[in-house]
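So this first bit is one chain, no partners, the form predicted alone, shown in structure tokens.
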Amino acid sequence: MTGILDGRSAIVTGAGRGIGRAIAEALAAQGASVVVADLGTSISGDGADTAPAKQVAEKIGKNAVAFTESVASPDAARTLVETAVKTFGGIDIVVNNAAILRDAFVFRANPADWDAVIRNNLSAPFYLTNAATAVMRDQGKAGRGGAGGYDWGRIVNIVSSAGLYGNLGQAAYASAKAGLFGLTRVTAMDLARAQITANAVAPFARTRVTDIIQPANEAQKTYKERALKIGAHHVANLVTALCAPAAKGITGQLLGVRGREVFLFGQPRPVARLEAGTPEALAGDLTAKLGAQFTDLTTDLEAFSTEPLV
């Protein structure tokens, strides 16, 4: 049997559980060798447990290896990439999925929690992307993938609708995920000539994050009830598609997946303009002339509270 990802080597962070595990297993099922990277922390980033990553790697078999160090440092990220290269001969796919959550209203948040979330959810993906794409570019020059030119390189960043819409009490998490989308765009631009793609995926599925949601209203309660019905395999299906040869022309995009629904999100662009007057006049004009087009304060939980296709 052959798969569409035969010969590729992948790193998936946060692959010991949930969405990350589903992605690692789906990539392996299509022929990729996978480094299952997971420190095994709690959802808040505390503690460590090597068992989840090792269990997933063991289940996948000889084409998988566990990596159980934190990748929230440049040195660890380089070690992770070196592990993929030494074990499987190269690195072609990086899925930045690992994330932690430390929620609090912005006026009560602990700055140390902010720093931890940004480090784990945004800096760590940069460190890994930085280390891996340098190797990918060299692989292309060395002829990896055949004489037709190296077009195996894929970066997929798992973002969140919280970083697009916002959500109550998630200043750190939403900021990190919004930043990760910005990183995706720049990565896509920087690597376009090397034929390495970068895309962002906002998943809707049952995870440890949805399990701990404390609904603040009926809409959020309904969102949680529906989210708990959605399996992580749907997210893995989209990520695998983005890594497929047929997706080599897809880059810099923001996609969402909720069950069998796949969304292409628009990206921020100007929607209206006016000529500025004095501060007082401008304040009035902003409301009078552009107010109808202002974006409301709907949270992501409220925006996606309809029944999913499962």
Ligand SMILES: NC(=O)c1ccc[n+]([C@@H]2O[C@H](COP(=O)([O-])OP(=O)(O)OC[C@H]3O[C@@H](n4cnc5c(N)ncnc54)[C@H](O)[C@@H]3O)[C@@H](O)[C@H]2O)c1
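Residue indices: 1-based, along the sequence shown. Note that this is a predicted model, so its numbers are computed, not measured.
Same protein, other form: the form predicted in complex with this ligand, not shown, and the subject of what follows.
Of the candidates 133, 184, 207, 167, 207 is the one whose heavy atoms come within 4.5 Å of this ligand in the predicted complex; the others do not.
The contact residue chosen from 81, 158, 236, 174 relative to this ligand in the predicted complex is 158, the criterion being a non-hydrogen atom within 4.5 angstroms. Though the partner is left out of this view, residue 198 does not reach within 4.5 Å of this ligand in the predicted complex, counting heavy atoms only. This ligand in the predicted complex is approached by residue 71, whose closest heavy atom lies within 4.5 angstroms of it. This ligand is not shown here, but in the predicted complex it comes within 4.5 Å of a heavy atom of residue 98.
Contact between residue 19 and this ligand in the predicted complex is found at the 4.5 Å heavy atom cutoff. Taken together, the three residues 14, 41 and 120 all come within 4.5 Å of this ligand in the predicted complex, as judged by their closest heavy atom. Comparing 133-141, 159-167, 102-110, 186-194 against this ligand in the predicted complex, the single stretch with non-hydrogen atoms within 4.5 angstroms of it is 159-167.
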